[in-house]
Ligand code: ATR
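First, one chain by itself: the form predicted on its own, in structure tokens.
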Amino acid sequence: MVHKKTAVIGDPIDHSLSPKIHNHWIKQLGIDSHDYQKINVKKEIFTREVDRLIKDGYSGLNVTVPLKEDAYKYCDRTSNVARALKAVNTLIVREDGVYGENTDPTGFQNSITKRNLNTQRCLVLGAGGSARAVVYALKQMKCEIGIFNRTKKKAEALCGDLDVEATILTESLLNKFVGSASLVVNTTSLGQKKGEENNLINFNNLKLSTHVYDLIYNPSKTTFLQHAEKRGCTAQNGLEMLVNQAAQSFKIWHNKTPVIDENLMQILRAK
């Protein structure tokens, strides 16, 4: 019997929680598979390294920053989502070539299903790769979207690429939009460093019913989320998105739906 070989690739990769997630499910579901690995792959030698991993028997690879665009270009075929985002986070090795998928939008959407945010007004801070996944998901949910990014052209390019109608906010219009938003999502890296302040919005303008989401999950409670909680809002970090997007990859590779249980979440929070 051939055991499946799967891994996550990126640079840096030491911080990745993906092995804990996937190996938990492999054990839980009794799947014939090698342990899921984390492998450092430099951007400059992406193609050579992925060629080598596939030759070594890897049939599935997760791809994290800064390699998602390289993975997109590497694929023989891609999903509609991956083509829209021009980025791939899941590689599937098949007999007829390498297929690319992007599970980030579904991961984000599944992480907020309890919030009933369909058609609501939502604010996205940032216009990078993560913002693209979030905006794509919000578009599927028919939300009214506002985007704030320090470089206006980048936000405009995002909307053009995703064919999405959104309000591109200036600093002067930002906090008026904040006051009417049901969801605020930080997709920037601001707050990732210990004690780093994220004051992109005026938290006093938030409605108490607003849900505040920071895609950063380490630290588990950024200053952005601390300010939101102090205001009285509900707050969420990116851990559930990470797990939900991983579940989609796992299902694609193993044809089994993993259970996101509290035991797994406790393991990850304890990291």
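Just count from 1 along the sequence shown to find any residue number. Keep in mind that what you see is a predicted model, and the values were worked out from it rather than measured.
There is another form of the same protein, the form predicted together with the named molecule; it is not shown, and what comes next is about it.
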| property | result |
| --- | --- |
| Proximity to the named molecule in the predicted bound form, single hit among 78, 111, 188, 103 (heavy atom within 4.5 Å) | 188 |
| Residue among 142, 150, 115, 176 with a heavy atom within 4.5 Å of the named molecule in the predicted bound form | 150 |
| Contact label in the predicted bound form: residue 107 to the named molecule, heavy atom within 4.5 Å | no |
| Touches the named molecule in the predicted bound form: residue 87 (any heavy atom, 4.5 Å) | no |
| Touches the named molecule in the predicted bound form: residue 200 (any heavy atom, 4.5 Å) | yes |
| Contact flag, residue 126 vs the named molecule in the predicted bound form, heavy atom cut 4.5 Å | yes |
| Partner-facing stretch of 159 to 167, 90 to 98, 70 to 78, 127 to 135, counted where any non-hydrogen atom is within 4.5 angstroms of the named molecule in the predicted bound form | 127 to 135 |
